[in-house]
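Here you get one chain, nothing else, as structure tokens; it is the form predicted alone.
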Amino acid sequence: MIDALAPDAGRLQGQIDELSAFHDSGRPGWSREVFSEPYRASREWVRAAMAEAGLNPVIDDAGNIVGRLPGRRRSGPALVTGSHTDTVPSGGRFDGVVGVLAGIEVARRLRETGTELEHDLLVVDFLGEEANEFGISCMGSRAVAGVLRPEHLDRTDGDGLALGTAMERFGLDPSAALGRPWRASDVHGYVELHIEQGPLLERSGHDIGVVTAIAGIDRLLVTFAGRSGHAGTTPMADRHDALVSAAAAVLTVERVGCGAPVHGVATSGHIQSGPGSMGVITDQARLWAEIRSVDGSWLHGARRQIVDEIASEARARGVDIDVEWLTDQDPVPTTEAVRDRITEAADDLGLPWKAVPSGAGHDAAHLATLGPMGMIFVPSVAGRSHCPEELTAPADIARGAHLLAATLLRMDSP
């Protein structure tokens, strides 16, 4: 049975290539950001691919594309798999996409082999998983988990556009996205296939990563308020330079991230400053940054340390700060029973596996509130991700898809 569900590797790679055609051609790599026109067009392609594979696709109130393959029971909790198809700016072709298209391929192989599951199988393309200017990632999975909040819809991008308005312009009803989460009784279990986005599997020579936990993420926006003045006549000791304080904060974020005892990273992603003249001392700046770890105690301590050190340094320069925490997500362990099903299936298929943490955020972290959750990683070439050079070999994708099918079969058993 397991061998019969091996994917058509050429077909799966061909679909990855087809989906990658939907991108912003004016930018390097593959940009398909949430609410963009390439993203809108790609979603029609995903719906058609689901239907062609025998799934019944609908767009739910949260904007997720949900394809259903009925099981024998025709009711009760469903097995769920999937990921996302939006990208970061100038991103790659595989992040998220592999999980969605492998799920579709599994459904197709179930139909082609006449294999009927006991439970319904849902394959989901979750809306807007990637970090964005609104500061709200995993929009669709947050909604189904019931943790998308009204205040999230009021968040604005750099142009002052509110998230709720952006959703409306995209054809969605933001109030409905808030009001109809899934119930725990809807989900028998969730398993997500994903590229590793790091170097551990390639370096160790393992085909498969069995994810132990998904990192917690805290994202912050720091606003610096200084005082403008003439760049040529204001003595250095008399300056209250907002941009210098922001630059020092970047180094603080890096230093704190380097101090994690086990697993922790910290990144400054973006700075804005004004008035933006070479001849004028900067009087305002904004810094977006994040910290991540699977160690919740370190994460919470690092959060306090970053703010305390940034505030102290800015105060010494006579610069005021305001800190806004955009999102926070605690580390989420995967479910032991699902990890066991993945490792058993990997052993059956003769796939060497390694237990690994995930430093990336995933929709799976929110699905964990609804039922048992696990993740499967396949190697990333040179560990590159979120860049045009992102690459996972077709053979590795096929192995991951085969393992996904085998895991779902084990999870489907009474």
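Numbering starts at 1 and runs along the sequence shown. These figures come from a predicted structure and were not determined experimentally.
Form predicted together with another copy of the chain: not shown, discussed below.
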Open item on the list: Quick check on E196: any heavy atom within 4.5 Å of another copy of the chain in the model of the complex?
Closed with: yes
TODO: Answer with yes or no whether R40 is in contact with another copy of the chain in the model of the complex, where contact means some heavy atom within 4.5 Å.
DONE: no
TODO: Spell out, yes or no, whether the shortest heavy atom distance between R149 and another copy of the chain in the model of the complex is within 4.5 Å.
DONE: no
Task: 4.5 Å heavy atom contact, E254 and another copy of the chain in the model of the complex - done: yes
Open item on the list: Counting any non-hydrogen atom inside 4.5 Å, which residue from V98, I281, V222, A107 sits next to another copy of the chain in the model of the complex?
Closed with: I281
Open item on the list: Looking at L178, A162, I271, V307 here, can you tell me which has any non-hydrogen atom within 4.5 angstroms of another copy of the chain in the model of the complex?
Closed with: I271
Open item on the list: Within 4.5 angstroms, counting heavy atoms, which one of the listed stretches 229-237, 68-76, 137-145, 166-174 is next to another copy of the chain in the model of the complex?
Closed with: 229-237
TODO: Within 4.5 Å of another copy of the chain in the model of the complex, which residues of 243-269 have a heavy atom? Give them in sequence order, or say none.
DONE: L243, V244, A247, A248, V250, L251, E254, G257, C258, H263, G264, V265, A266, T267, S268, G269
